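Starting off, we have a lone chain in the form predicted alone, written out as C-alpha cells.
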C-alpha cells in the first residue's frame, strides 16, 4: 500500500525532503500545499522531484493519507488543525509553534476530535526518547544550550543592540525559559520546544542561545538530571545549505518519520 502525502511547504526543508523521498515506493507526495504566489516556483520543483503531485493552496479533503508540515508555525493553524479534525494524521516539523499558550492542547484536541494522531518530530536533536522515558521516573532539571555561528541569528532579536558580523567571541543572546526562546526565535529554537515537550515543559526548561564566531556548525547540548541519573548530549549538526537557521538533521528526521509509516520494522 502506498501512503499518499500532502506536503505543506516547499522551502528549504520541503524541497530537501522531496529529494530524499522520490525513490520511496511506499510513499507518494500527492499534493504540495503553498500560498498562491508560490505556485509557479513550486510547480517547477514538483516537475523535477514529485511529478505526480498537484500544487494547491489547501490540503485536499480526499485522497490524502498523511499530512506533513514543513512551512512554519502559521501553517499548523491554517492546514494541520483542519486536517486533524477531518481524521487525517499529521507530522509536524515546526514544534516551536506549540510554545504559544494553549496551542499544544488545541492541537491535541483536534486530533482527538478526528480520532487520529499528530506526531512531533525530534528534528535537529537526539535523545528525545531517553528524555521522555526519564520524565516517567521523574525529572529534576533540563537545560538546552543552542550555539550557532552569528550569521545564523540574522533576522532575529539577536541583532538588537549588537552587530553580529563584528562578534569576536561567543556571546549569549538569550537566556530564559523554552517558551520565551521559542516565541522570540521561532526559526532557530524549535529544538528548545521539542526538548521541553519531551521533558519538563516549556516553562520549567531552561534555555541559553549563543552566537559564536568560532563555530561553523549548529551545536545543540541537552543536560538532564532526575531519578534515572543524568545525561549530557552534544550534537554538532551541519546546517541545511539552503537555510543556515536549520540543521540538515531536521530534514532527515522528517523523512525517517515518513518511512516509519510504511516500514515493517521500525526503531
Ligand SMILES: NC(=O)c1ccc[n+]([C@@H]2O[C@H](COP(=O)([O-])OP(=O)(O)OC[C@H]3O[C@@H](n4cnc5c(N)ncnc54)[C@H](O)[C@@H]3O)[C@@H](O)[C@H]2O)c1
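Remember, it's a predicted structure, so these values are computed and weren't measured experimentally. Here, rigid core means the biggest group of C-alpha atoms that superpose within 1.5 Å across both forms. Residue numbers count along the first chain shown, from 1.
What follows is about the form predicted together with the ligand, which we do not show.
- Of the candidates 113, 74, 136, 170, 74 is the one whose heavy atoms come within 4.5 Å of the ligand in the predicted complex; the others do not.
- When the ligand is considered in the predicted complex, only one residue from 95, 158, 128, 91 comes within 4.5 Å through any heavy atom, namely 95.
- Interface residue remark: residue 190 is counted as part of the site for the ligand in the predicted complex, having a heavy atom within 4.5 Å.
- Though the partner is left out of this view, residue 68 does not reach within 4.5 Å of the ligand in the predicted complex, counting heavy atoms only.
- In the predicted complex, the ligand stays beyond 4.5 Å of every heavy atom belonging to residue 59.
- In the predicted complex, the ligand lies farther than 4.5 Å from every heavy atom of residue 52.
- Figure note: of the listed segments 82 to 90, 139 to 147, 176 to 184, 119 to 127, the one touching the ligand in the predicted complex, with heavy atoms no more than 4.5 Å away, is 119 to 127.
- Candidate site formed by 99, 199 and 202: none of these residues places a non-hydrogen atom within 4.5 angstroms of the ligand in the predicted complex.
- Contacts to the ligand in the predicted complex (heavy atom within 4.5 Å) from stretch 22 to 38: 33, 34, 35, 38.
- Core-superposed comparison between this form and the one not shown: CA of residue 79 displaced by less than 2 Å.
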